[in-house]
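In structure tokens, the next block holds one chain alone, the form predicted alone.
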């Protein structure tokens, strides 16, 4: 089993006129293969997973596995509120060569999604899947936030490999790291938390920014591992404005627009998401220039 660590982008899903483009996926992955990224996450939030059909998801996994370098990890977002579909999609993904499954916290019945519900759901999924699972905590989209005591209990399951925590709550990350066993992997889920997460014991990050700044996000990790905290913090601070632009400010449309500007294929998001308008694109260009990612 490949080790779960380092920087992985939740890769965008390329569309042409609303249809999945395997050719553009190959183009992007071939560029990322030349970097020190640890691997790729398909069907994450930035991959517009909720807008994909099941057949499209399997095609995406199969293509990503084919195009990714052999040493790269492949993680697939397979979680849904339906436990049966989560298990089935995870095991179908395993057959296609996926290393780990990223399983979103169920959230439709929000008021019921507390400790016991999460423990039962993730334990049953982990009992029934052929590859290890990673808990995916992203309150921004789900409206639910998993508690430390829940993660501590789930970390004891041999088929639950870790958690991707997409919050900016450093206390939460520290508790996840300090209260779980060493074999349980904590990954940050937003690039604004790379420095704080790594210095608190997180082993890696699944971050949107890595789609457009793979070298910079990897460099932050390497600086921390080398004990070079001054340069790590300096680079982290430099990346914060562009990370904010392609996540909370402009979302998937901003990330895809930035990819187009930086030599990748972004294209338009799928309806109901709208592409970035010209005013916001100009704002994005200036942010990219200020961050040093785009030449003046």
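Numbering follows the first chain given and starts at 1. Everything quoted here is computed from the prediction, not taken from an experiment.
Keep in mind that the form predicted in complex with a further copy of the same chain is missing from the display, and what follows is about it.
The partner is absent here, but in the predicted complex a heavy atom of 81, alone among 92, 81, 130, 222, sits within 4.5 Å of a further copy of the same chain. Looking at residue 237, you'd find a heavy atom of it within 4.5 angstroms of a further copy of the same chain in the predicted complex. With a 4.5 Å cutoff on heavy atoms, residue 19 counts as touching a further copy of the same chain in the predicted complex. Although the partner is absent from this view, residue 153 stays clear of a further copy of the same chain in the predicted complex, with no non-hydrogen atom inside 4.5 angstroms.
Although the partner is absent here, residue 267 is not a contact residue: none of its heavy atoms lies within 4.5 angstroms of a further copy of the same chain in the predicted complex. Of the candidate stretches 81-89, 209-217, 181-189, 67-75, only 81-89 contains residues with a heavy atom within 4.5 Å of a further copy of the same chain in the predicted complex. In the predicted complex, the residues of 220-251 lying within 4.5 Å of a further copy of the same chain by at least one heavy atom are, in order, 229, 233, 236, 237, 240, 241, 244, 250, 251.
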